[in-house]
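Form predicted alone, single chain, as structure tokens, below.
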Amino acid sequence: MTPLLQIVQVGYSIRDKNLLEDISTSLGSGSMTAVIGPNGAGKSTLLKALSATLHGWTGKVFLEAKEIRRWTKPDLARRLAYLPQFRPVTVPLAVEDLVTMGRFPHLGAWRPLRSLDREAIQSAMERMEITHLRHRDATTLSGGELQRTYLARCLAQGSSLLLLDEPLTGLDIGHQLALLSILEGLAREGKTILWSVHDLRLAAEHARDAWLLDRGRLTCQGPIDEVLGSREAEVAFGIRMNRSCDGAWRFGQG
């Protein structure tokens, strides 16, 4: 079966420093994969490349067997939703309007919202528990509220592939767990989730698979338990990781 996303020898350098180097892998539909690695490993850079928002990267990325740089922007956005790590709101904009922007790839220029667009927007806000904020100016939101608003915009987009860079940032533990439950549900529905995460315990509990990046290279991939317990993970993080008899992960000095 052809993978939804196929990555072939992706690389990226700045001033002779390799931020990504020779990364090749793939994602199947309905997968939920965590991108893990120490700070500076290249997680955000990789997600930018895969979303076609990074300029100057080398290699090839195929989405639905078509090279990603050959998709038009609207066609790509209908298939891929990307949540960057840093996304400040600099102009007054109502929360509902910000979420509505997720429907623009389905509408074209100056076309009014249809009933199915309004349903997608309402469903996304309900899932992220922000319907009570719909008329709030997004510049006045807390970090967690703004994060949930941007996540709702991604859900409203209705794309089959979600690339989420640190989606748990700014969320309290309750909203973190709620979001992870939503992502797991989306994966069961056939969506493909690729998300970067710092919290290895949450990755272990909620991801099916993992990609481990270390200094710009993909050093290990596979089921999350195998990746966390690998020698490559010990080298990358400088700690040992293993499951105890009660199923909990233990982290210790390498």
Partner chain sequence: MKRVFPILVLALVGAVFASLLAGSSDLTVASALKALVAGPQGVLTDSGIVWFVRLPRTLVVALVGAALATSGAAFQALFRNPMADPSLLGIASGGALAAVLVLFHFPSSPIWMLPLAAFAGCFAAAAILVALTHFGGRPTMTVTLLTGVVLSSLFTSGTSLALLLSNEYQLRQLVFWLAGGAEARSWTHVWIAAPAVVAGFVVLVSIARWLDALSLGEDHAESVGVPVERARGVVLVGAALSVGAAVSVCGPVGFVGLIVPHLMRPWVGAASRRLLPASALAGALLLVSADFIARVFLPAGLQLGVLTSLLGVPFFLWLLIRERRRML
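Numbering follows the first chain given and starts at 1. Fair warning: this is a prediction, and the values are worked out from it, not measured in the lab.
FYI, the form predicted together with the partner chain isn't displayed, but the following is about it.
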Exercise. Just one of 180-188, 166-174, 67-75, 119-127 has residues with a heavy atom within 4.5 Å of the partner chain in the predicted complex, so point it out.
Key: 67-75
Quiz item: Is every one of D214, G222 and R243 within 4.5 Å of the partner chain in the predicted complex, counting heavy atoms?
Solution: no
Quiz item: Should S115 be classed as touching the partner chain in the predicted complex when contacts are defined as heavy atoms within 4.5 Å?
Solution: no
Quiz item: Given that the partner is absent here, does L155 sit within 4.5 Å of the partner chain in the predicted complex, heavy atoms only?
Solution: no
Quiz item: Looking at the partner-bound form in the predicted complex, is A52 within 4.5 Å of the partner chain by any heavy atom?
Solution: yes
Quiz item: At the 4.5 Å heavy atom threshold, is P92 in contact with the partner chain in the predicted complex?
Solution: yes
